Each structure stands twice: as C-alpha cells, then as structure tokens.
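Consider the single chain below, provided in structure tokens and representing the form predicted on its own.
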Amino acid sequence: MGVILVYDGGFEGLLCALSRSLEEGEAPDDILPVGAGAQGSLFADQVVVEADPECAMRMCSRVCECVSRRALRKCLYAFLSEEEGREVRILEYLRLGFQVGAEVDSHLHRDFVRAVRDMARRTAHEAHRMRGFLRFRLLDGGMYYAPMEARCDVLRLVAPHFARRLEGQDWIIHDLVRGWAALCRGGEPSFVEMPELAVDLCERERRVQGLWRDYFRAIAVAERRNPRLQKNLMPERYWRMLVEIPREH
C-alpha cells in the first residue's frame, strides 16, 4: 500500500514533508495540503507531516549546500505557482538535485525539471507584472490601499519591493483571491488574513483618479485604437486594478 504525505499547505510544511520523504527514501503516491489530503486515496495511507521550523531550515541549508541557492529559490517559486501536482514535481527535482548538484537545471530531458522551471517562471512573471500594475489608492485616514488579483501566490514576493519604494508610508496590498494582505506601517510588512475590507477613498483620491481618466481619454487617438493589441500587451484581467482606465473600458 502506498502513502500520501499531508502537510499544512505552507512552504515550510512542504519542506518538512520533502525532508521526510528524502531521508526515508520513500516515493509517496502524492503530497497534498491538508484540505485536499483529506480526500485521499482508498489504496494509500495518509501520513500527516507537522511543520517544524528547524526541520525546514535544515532542509533549506541542505538544498543550498548540496544543490544550489538557485534551486531552492526555484522550488519556492514553483510552490507559489499553485499548480496542481507541484509538490511531487518539486520532490523529484530535489531528489535528482541531490544526485547531480547544481547541474540539475540542465536535465531538461526530464519532465519534472521542465515542470519546476516552467512553474517558477510563471510565478516570477506574475510577480513582475504585479510590481508594475498595482495601483495604490489613498483612503480616508491616510492609508494607501492596493487590491491584487494574481494567478500565483506572489504577495510575499511583491511586498518587499513596495516597502522599499514607499518607505515611510502606511499601505495595504490586499490579495483578493486568497483573502490575505500585506500591511506596512512605516517599516517591514506583516501578513494578515483579510477576506474583505471596506474601502473608503478620500476626496483627493477621487479627484486624482478622475484626472487620470480624463488624461487617458485625451491622449487616445480613436482612429488608431486596436483593442486586440491592447489586450495582448496588457491582459484584460489586470484592467480592474488600473485606476487610470475609463469605466467604458
């Protein structure tokens, strides 16, 4: 009978599950977060692996020393892609990495190496877009607020960027898809659950947004409008975040 490793859903928990599998030399049928793991398989035992910060740190050090720091970063980004089946792909990638070291990324003939690379790239690309497309709104009370609807779980990747860019400012980046937020009050961001938030724009913010939309309309050349090209350059799913786009768009 096989085994399904069940972890808490976080990267630290996954590292503990990976450590157990690699140390015991087992090939689990699957590695699943706790919610999905409960559905399981009739022909596999479920083993819950508790998250242990010390175990996770040892695993990080082992990957950096025996494979590379780049490989650890790639595993993190692949995890944040939220692609189904990513856990087992990461396990296969690391198992090979501990055999061949930093050369693991050159083994592109192996499907799991390509899968980890592609998942990591999707996360990095999504984080890059969020850094460019997020728009902060000034709320009553002086807090800046930016909603985010990302396909990958990139909040922890983009928050440090804005902590540097908006040094000394109070702000919130709200991940509407996952119901949590980065909250910064003039220092390092902290991360909190935030399913919903009532947003009240200040009067100055409403005026500024109106000016941006007027500018957008003024510079547009109707004869050269190309919606297809516009959507290719900036996918429509990002438009809701852009305060400068007129409502008719």
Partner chain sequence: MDLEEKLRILGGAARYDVSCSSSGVRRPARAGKLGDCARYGVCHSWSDDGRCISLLKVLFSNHCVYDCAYCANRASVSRPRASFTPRELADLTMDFYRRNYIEGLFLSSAVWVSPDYTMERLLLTARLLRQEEGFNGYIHLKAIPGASPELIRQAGIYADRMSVNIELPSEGSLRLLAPDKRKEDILGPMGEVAEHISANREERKRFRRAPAFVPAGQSTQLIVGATPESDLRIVELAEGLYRRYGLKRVYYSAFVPVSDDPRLPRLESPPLLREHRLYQADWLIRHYHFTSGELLDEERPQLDEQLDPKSGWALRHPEFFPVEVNRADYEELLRVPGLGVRSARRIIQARRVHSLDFEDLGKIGVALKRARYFITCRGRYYSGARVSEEEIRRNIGTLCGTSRGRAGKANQLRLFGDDGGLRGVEDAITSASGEI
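Positions refer to the first chain, counted from 1. Small disclaimer: the values here were computed from a predicted structure and weren't measured.
One more form of this protein exists, namely the form predicted together with its partner chain; it is left out here, but the text below deals with it.
His107 is the sole member of Arg73, Arg95, His107, Arg178 with a non-hydrogen atom within 4.5 Å of its partner chain in the predicted bound form. The partner is not drawn, yet in the predicted bound form one stretch among 55 to 63, 216 to 224, 28 to 36, 183 to 191 has residues with heavy atoms inside 4.5 Å of its partner chain: 216 to 224. At a distance threshold of 4.5 angstroms between non-hydrogen atoms, Arg69 is out of contact with its partner chain in the predicted bound form. Shown alone here, Gly132 lies within 4.5 Å of its partner chain in the predicted bound form, counting heavy atoms only. Leu166 belongs to the set of residues with a heavy atom inside 4.5 Å of its partner chain in the predicted bound form. Mapping the unseen interface onto this chain, Leu138 counts among the residues with a heavy atom inside 4.5 Å of its partner chain in the predicted bound form.
Heavy atoms closer than or equal to 4.5 Å to its partner chain in the predicted bound form belong, across 189 to 216, to the residues Arg204, Glu205, Arg207, Val208, Gln209, Leu211, Trp212, Asp214, Tyr215, Phe216, ordered by sequence position.
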